[in-house]
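Each of two forms of one protein chain follows alone as structure tokens, named structure 1 and structure 2.
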Structure 1
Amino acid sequence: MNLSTLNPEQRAAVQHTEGPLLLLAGAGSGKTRVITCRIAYLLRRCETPPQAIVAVTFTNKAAREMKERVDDLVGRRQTKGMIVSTFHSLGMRILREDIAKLGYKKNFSIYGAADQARLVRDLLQGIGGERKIDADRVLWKISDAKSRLLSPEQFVPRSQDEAELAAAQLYPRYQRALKAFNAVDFDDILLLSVRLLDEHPDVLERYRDRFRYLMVDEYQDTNPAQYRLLRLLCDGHRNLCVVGDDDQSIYAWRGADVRNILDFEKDFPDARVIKLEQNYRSTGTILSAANAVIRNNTKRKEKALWTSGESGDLIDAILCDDGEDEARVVVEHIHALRARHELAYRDFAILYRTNVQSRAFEEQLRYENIPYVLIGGQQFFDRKEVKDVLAYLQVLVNPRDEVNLLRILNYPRRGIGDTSADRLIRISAEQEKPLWEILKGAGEMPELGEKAQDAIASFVALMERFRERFRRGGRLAEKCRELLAELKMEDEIYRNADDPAKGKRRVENMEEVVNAMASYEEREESPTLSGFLEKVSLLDRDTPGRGTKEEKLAQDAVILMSLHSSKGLEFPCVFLVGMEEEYLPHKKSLHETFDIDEERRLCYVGITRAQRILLLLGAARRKKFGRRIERVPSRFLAEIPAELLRHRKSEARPELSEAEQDKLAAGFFAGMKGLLGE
């Protein structure tokens, strides 16, 4: 491990191993690199045992990348037992061991968005609000409360908003239901970890003893629950190193609190604070544009990023006719730039504010036969046919999981109608027994009718049989395939599909679950069904199907993703598309707190992903519900000094000479200014 590849400030941060350390620095200044080097330094120079090291970051992808970098530095043998993970995986590790102390069973389920929504819809029905109140908004409120560590008793509505009021009413029931189903949601993973450590000093002591060195990347985006977890773990030895950039805090809407990083010195008065100001990622021009945009945010720590590299190309600002035109222009540029700069497809990233924007680009890329990967969007593991398979597996592991049990009770159809299901649920509530127990005793309930009784009995028998088969060990994927065959899942999918082509795709998706399971088995040392389900639940929320996010990035394909997912990454060429008012800044409908500064930080994150080439695109018009509407260029475009930009119209082809382009641009520039109202 060679410290001479670091600049003096970076080196100081790497060598400061004892006591609190804050690295507050701008994009591309080597913060993440410092963390990886610091881990290597601890392992190599300080002979710290790997089990004593915990590094936390934002996505599974970032975690895996970090682990790989450390492996490269010190060799795989030396990192065995070290934890490099997301907050959620860290929480899961803690829960798996000791959740029984909180009254849950070890085989608990993890509820994702779809399961949660289903549960909240049921609860809304209970208070007669299912028609007028949106379940997602209620969930949002509950999730927000949990990320602020508020228990159901502590939650007080902050407004007369009906979703807020419903959330206050339903949060206690929601939490009770989860516990009865032996399930936790995403926020619980953190909330319950904190509770466990708070209420059980022996457990806390064990972890404090073990985790001697804590490091956190992207610290600006931690929420109060994550903050509390860190505090609990590090009080005592106080070896906490956090790195981040307040200008890149982009998750306030999800409960992140930038004060965590800004107040670090208050929390730890003896903290060593190190600033990094040299940017190693982008050209001077790109950096100047980023600096110029972020300067317009008033509440921030002033930072002056500089680079010793070249100033590089001007930034292209291209106004397109409409969305299709924008996609065409991007693809045209990929062709031309790839040839001109000898770039691979994977060197290009198309970044947008919202996932729906990806469609036009996907179509155009497909049309031109350019390989691409889409990160985010319709989530594979949230598709109905995939959820159905997972629901079976989940119930095999945790029979108390009522949300999933109800999902499969009559799917594929086996003659347990809604009336019978309602009756069963009522009996389970009256007798205060889990639904599964009621099902097992259904033979003694003549009121269900003979047909339903038989159906329930064979369902129970099937599940018991497969539970036993999975328990006995052997290939998981093989057993899963047998289960699906026995269920005749394929027939059911075709029966319900509008057309055979759709049915075929869905069947393929279903089979993809078996494939995912098979590759899980190959990777894992001791694979289990519950281990597989846990992996699936903890995938980055924006991780799509086949293969993981990092596998996708490794292929030679153009990358499409949202600005939020692009955090921490870098690409030789970046297209920042949809540079229009209402996209960026986004017109937020779901959340009340509209924060233009956070939108500007997103723009800053986008610009600073680019290493050499940056293009900003927007459309003059877009289709909305089939009508064309006029669009206004993003205010952030006007914040970039004109001398850094080359304004162009979409007709300007990259294959044109500079002079020809300039001529086109001159005419266009006036038009752009007009649009900006200058």
Structure 2
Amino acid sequence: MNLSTLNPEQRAAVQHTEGPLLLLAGAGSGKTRVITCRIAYLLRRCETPPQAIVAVTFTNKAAREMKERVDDLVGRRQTKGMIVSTFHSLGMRILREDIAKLGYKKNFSIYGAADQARLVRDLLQGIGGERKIDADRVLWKISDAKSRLLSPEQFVPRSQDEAELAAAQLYPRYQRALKAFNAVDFDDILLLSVRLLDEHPDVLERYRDRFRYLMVDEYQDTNPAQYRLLRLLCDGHRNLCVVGDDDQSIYAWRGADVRNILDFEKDFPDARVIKLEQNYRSTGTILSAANAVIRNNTKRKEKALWTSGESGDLIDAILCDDGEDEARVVVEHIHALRARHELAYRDFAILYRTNVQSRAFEEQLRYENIPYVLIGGQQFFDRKEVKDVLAYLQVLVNPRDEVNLLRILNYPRRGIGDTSADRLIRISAEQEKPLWEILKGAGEMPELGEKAQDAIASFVALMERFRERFRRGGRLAEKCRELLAELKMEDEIYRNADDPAKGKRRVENMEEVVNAMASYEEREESPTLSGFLEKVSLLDRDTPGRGTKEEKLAQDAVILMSLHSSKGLEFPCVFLVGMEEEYLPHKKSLHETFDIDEERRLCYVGITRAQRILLLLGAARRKKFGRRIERVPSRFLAEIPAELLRHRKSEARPELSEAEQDKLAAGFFAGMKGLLGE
């Protein structure tokens, strides 16, 4: 292998193969190249068996790209058996092999967000009484408990919040219900994997012997469950390489614990620490601004990005009158910079702290006929028509999956009304039998009525027939298409659509499930219906498909996205907008969580997305309930050295005098001393 193209720190990281390694990889420092080269080095130079190597990251896209790059370096034959996956895919490998030791059957279902919410809503009806408790908030509390490895018995409310109290009451019932349905939710994949390894030393020893080299990307984003899983797997051989940047830890709201990377040397006192500080993305001016902001965080690993490239232009800091003026200024700069630097529309990104900020920019871009894409919104596999198709397939694999069974029982409508469904559920509970068994015997229940009995009998016969057809093998996609035709799903979608155009889009989404199944069949050597459903359950939000983030970024259009969504991306020109207190830093961090450090890391992430041109914008005033409210400039603006900034005002507005404009500009760019207590 030729390592001469790597810088000294990158080369040292690649060649350190034995013992714990902390690789502090700053933004744009080429960490993916280092990880892939290190894997190739283990395979080629160290002659490590591929099945002994595990590389874990957070998205299927990242895992896929990493695997492809290793294949390019050493060839596919040499990587056969190597695991490059997400945490949850790794957990699924462990559970599929040994979950029976925890009392589950191997054909368990994985409940997605919609299935979980429906189950929680059903359980809430049993405790809610007159109160209406938000099921999503309860579910979030349970999810948070699981990410912290708290069992139902260990979960204790930390406040008198209604959702917190309800979660403590429901968590045990929720877990019992999941197990009764032979199902797990997304958080259980890690929770149960850890429990399995903790409780069964023979299983743990087997995986420790198999997985001799572990590598983890984006380690700063790991939660307690992921951390525990890694520690269990590596504590024998201690060949753990973690790659990350504490300065880019921005997912605390998702359970990420930055202390995992900050305390790595406490966990592994003999760890080698290598810093990747040379940046290959941004100009020197942009990096100086980023370093100046982030060094105000005290709980961090000391490092500073640098580049051997040009210093580049100064950063424009622009004071706008209000939100609409801010959008107008951005669009004017897009026109000017596109012509001056020969940029495409896709080279521009507008980044903001909250999605609500996008409205004014969308309106202005439309007005100017500038193409744009909005990253965010409902994802493909979350859409109702897609969930309906998947529900049928889930029940074909696992008839005890009662959440999905109830979803499809009368969809498309077949004459099994809510009253009949309620009776069936009650009988199931009274007889302590699965609902599917009750359905098969519905013909012996005169209280249901002849019409309902016939409808249930037809439904059961259809499901049994297609279960057998899928079991016999053959083309899965063709069988799925036949199932949808027999169900007349297309007719049902058009019947319920507000207009034909919406109906057409929903039918196309339904057809896309069949396309996804066909693609799965082409990729897999031994495709099965349960295998397809497992892949779907583990899909990340960035998985390729119609209108995905990946596809949107490929279009020649201006990108609008939140700072959280922008992590890992880079653009020639970035507009970081809403540089005001209560936007960035967000008001929640100011008044509730008091976590300014994470907000500063978000600002740092935004700055380091820019390659050549960076503009920071804010408004002096914004409308709130129709009234114009004075805004306070972001404290992060004052942390950037004045010599790196070019202060500007937007075009004068008629209602403001020159003196008023000067006053606003002075307050926006230099009035932070009092705010910061200087």
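Rigid core: the largest C-alpha set superposing within 1.5 Å between the two forms. These figures come from a predicted structure and were not determined experimentally. Structure 1 provides the reference sequence; residues are numbered from 1 along it.
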Return 1 or 2 according to which structure is the form predicted in complex with adenosine-5'-triphosphate (ATP). 1
Aligning on the rigid core, do we see the C-alpha of residue 570 shift 2 angstroms or more between the two structures? yes
Determine, after fitting the two forms on their core, whether residue 363 shows a C-alpha shift of 2 Å or more between the two structures. yes
After fitting the core, residue 264 CA displacement of 2 Å or more between the two structures: no
By how many angstrom does residue 321 shift at its CA between the two structures when the core is held fixed? 8.2
Angstrom displacement of the CA atom of residue 644 between the two structures, core fixed: 4.0
